[in-house]
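Quick heads-up: the structure tokens below are two forms of one chain, split into structure 1 and structure 2.
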Structure 1
């Protein structure tokens, strides 16, 4: 049993030690903030994008940096996961990207506002967050190998645009989106010319299709056509 004076001394010393540690950790954290948040990349576009995020209450549905709601996808690493092309198309018209599926409101952002939001998400995605958020193993995309090999192709073997846009709706190798049909064996079912025409303008090939016209460059279409044609 401690005497009253000893207990008092123990309490005071313990409190002072804890306060000292707290102050030290706070100073250390504040000193790390500029470097870890890439403060040098905080441009006017990023700041305007943040204002749009707050003005439209995006956090009412999405989570960012661990804060927000869980109704819609987490967006801390969305720039890395989906890329600017997909993000621009979705922000322009969510319903067109996911006909009958997406419940995101169409905010009628201007092209300049969309660029500002994308700049904001890019800045967020480049922060050093000590490994947060972790990349879940369950959503790592596995796709079937090309006809010249066996097993499962690595992400590096696929066109960059495929990893960011196509897998949002289509599955391959058992993983990916469930909005559109699977792309396993698509090279057996469709010719390269058909795939290229489809990627260029789906509605022109099949009027009334749910697939939107994606913002793909000629290079994107060429790479995707070559890749998908090999999936046999």
Structure 2
């Protein structure tokens, strides 16, 4: 049994040691924040983008860094997942991409505001978050990685716009998203005319389809059609 005074010293010393540890670790964490958040990349655009994020209550539907509401997708890594072109199109007019189906709000942002939001998402996406959010390990999303599949176009041989916008939802050579069907061998299944019409307006070809109408130029469509027709 400890005497009363020994118990008091034990309590005091124990408390002081724990407080000292706590303060030490807090200082250490705060010291790491600038490097982990890449504070040097905090441009004015990024800050304005954050203001837009707050002012429009995007967190009423989305989470960022895990915080917010669970109605709409987590956006911490959206820059990496979707790329700037996809985000620009969606922020400009979500309905045009997902006619009648989706609840992402059309905010009528100016182009400058969209740039600021994209800069903000890019900055958030580059933070070192100790591995949050975990990457899905079933599919490899890396766009730049080269695959080894025989006869399958390597990432570097594909049209730029393909790597920018299509891999988010489609796989090719085992890489990409699983929202749509794989595009391996798509040239065997579909004719060039069908592919071109599909890319121009998927819902016109197949009402109710889940493939969005993407902001593709005529040149993009010609290039993508030629490329996809060769995937046999």
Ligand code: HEC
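Everything numeric here is computed off the predicted structure, so don't read it as measured data. We call the rigid core whatever largest set of C-alpha positions still superposes within 1.5 Å between the two forms. Numbering follows the first chain given and starts at 1.
Here the chain appears twice, and structure 2 is the form predicted in complex with this ligand. Put the two forms on the same core and the Cα of residue 54 is off by less than 2 Å between structure 1 and structure 2. Once both forms are fitted on their rigid core, the CA atom of residue 27 lies less than 2 Å apart between structure 1 and structure 2. Residue 121: CA moves less than 2 Å between structure 1 and structure 2 after rigid-core fitting. On a core-based overlay, residue 191 has a Cα shift of 3.4 Å between structure 1 and structure 2.
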